[in-house]
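What follows is one chain in structure tokens, specifically the form predicted alone.
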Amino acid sequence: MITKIIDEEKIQQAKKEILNHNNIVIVTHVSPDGDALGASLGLYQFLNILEKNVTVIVPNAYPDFLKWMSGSKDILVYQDKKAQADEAITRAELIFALDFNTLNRIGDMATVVADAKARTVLIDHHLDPGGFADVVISYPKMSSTSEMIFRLICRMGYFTDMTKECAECIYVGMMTDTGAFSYNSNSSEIYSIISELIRKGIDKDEIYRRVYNNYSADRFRLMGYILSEKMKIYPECGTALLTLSSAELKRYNFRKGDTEGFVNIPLSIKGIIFSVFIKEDTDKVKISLRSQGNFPTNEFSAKVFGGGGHLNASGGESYVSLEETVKKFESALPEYKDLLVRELDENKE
């Protein structure tokens, strides 16, 4: 059984916006992941069924292993087609903001979206949504924004119209934002939704292969390097740290998506409940955090790096050097030692 978690008022508000507007833009966050793209393309497929004029715009490039999804060829990448994207946003009557809570999460698009005359609907599952949208559908306990898109379509009365292509995109988002249903996925309703998606004709095993068995050989060489040379263990805190500099990434012919999932690997080590991956990017240092049990990565990320996310999966950014960012992490870790030790003890029971 799938319960009616989203308030009926929110459902009707979103439906009214959709029915009253024809020219619609969908935007999502910087470095779009499987959930951002799954939710965006799932909604894109649905709105096409309603014969709306829809444009999906993402701030920057996304991984190759997500480019097989139906509709991906129509996505506008803002950093490559800024003028075209700006025009689409300016002309939009309705903007859907998916899988982010504040406008600073969409990078250079933020200003033009903030200045747009369009109505805005936010659909997201992160904490503390900003006040920029006219309709806010925010449920942090949801597994993914893609799950919320499924619920929205069903509650608006359009489940029978959902296509296989729409269902595939939604499944990609749900699968990737739960680590192939290995965390944040204990709700029985998730599997009820998967059952309904399978009824739509999706092949979940094939989707898994397309996403997780579709990497380059360079990725695996990079993975071997980071695990053998760049992994540091803090056994007293049940913590592991992975780091990569831009020079190291270049050495292994890094492409967008090659480090996807690296942060999760140390959690397979006995006695590790907190894993952090710090990677040098072009203009910043990116931090990914994952945990097992009840250790709050979002709290750690917010306090140390000004980031955020979910209990077991969050991220942040740093604008100092990689070395200084690592020092910042190591300086903060002792403050959380007691909490980590308690979590370690509970895991042993």
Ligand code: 5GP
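In this text, residue numbers run from 1 along the sequence as written. Note that the structure is predicted; figures quoted are calculated from it, not measured.
The form predicted together with the named molecule is left out here; the points below concern that form.
Quick check on this chain: which one of A313, L47, L322, V304 has a heavy atom within 4.5 Å of the named molecule in the predicted bound form?
Here the answer is residue option A313.
Only one of R119, R155, K200, H126 comes within 4.5 Å of the named molecule in the predicted bound form by heavy atoms, so just point that one out.
Contact with the named molecule in the predicted bound form is made by H126 alone.
Mark S291 yes when one of its heavy atoms lies within 4.5 Å of a heavy atom of the named molecule in the predicted bound form, and no otherwise.
S291: no contact with the named molecule in the predicted bound form.
Consider P296 of the chain shown here, and say whether it contacts the named molecule in the predicted bound form, taking contact as heavy atoms within 4.5 Å.
Judged by the heavy-atom cut-off of 4.5 Å, P296 is well away from the named molecule in the predicted bound form.
At 4.5 Å between heavy atoms, is E317 in contact with the named molecule in the predicted bound form?
Residue-level check for E317: yes, a contact with the named molecule.
Since only the chain is shown here, I'm wondering whether R151 would be in contact with the named molecule in the predicted bound form (any heavy atom pair within 4.5 Å).
It does not: once the named molecule is placed as it appears in the predicted bound form, R151 has no heavy atom within 4.5 Å of it.
So if I measure heavy atom distances to the named molecule in the predicted bound form, which of the stretches 52-60, 65-73, 39-47, 283-291 falls within 4.5 Å?
Within 4.5 Å of the partner lies stretch 283-291.
What residues, if any, in 180-196 have a non-hydrogen atom within 4.5 angstroms of the named molecule in the predicted bound form?
Contacts from 180-196: none.
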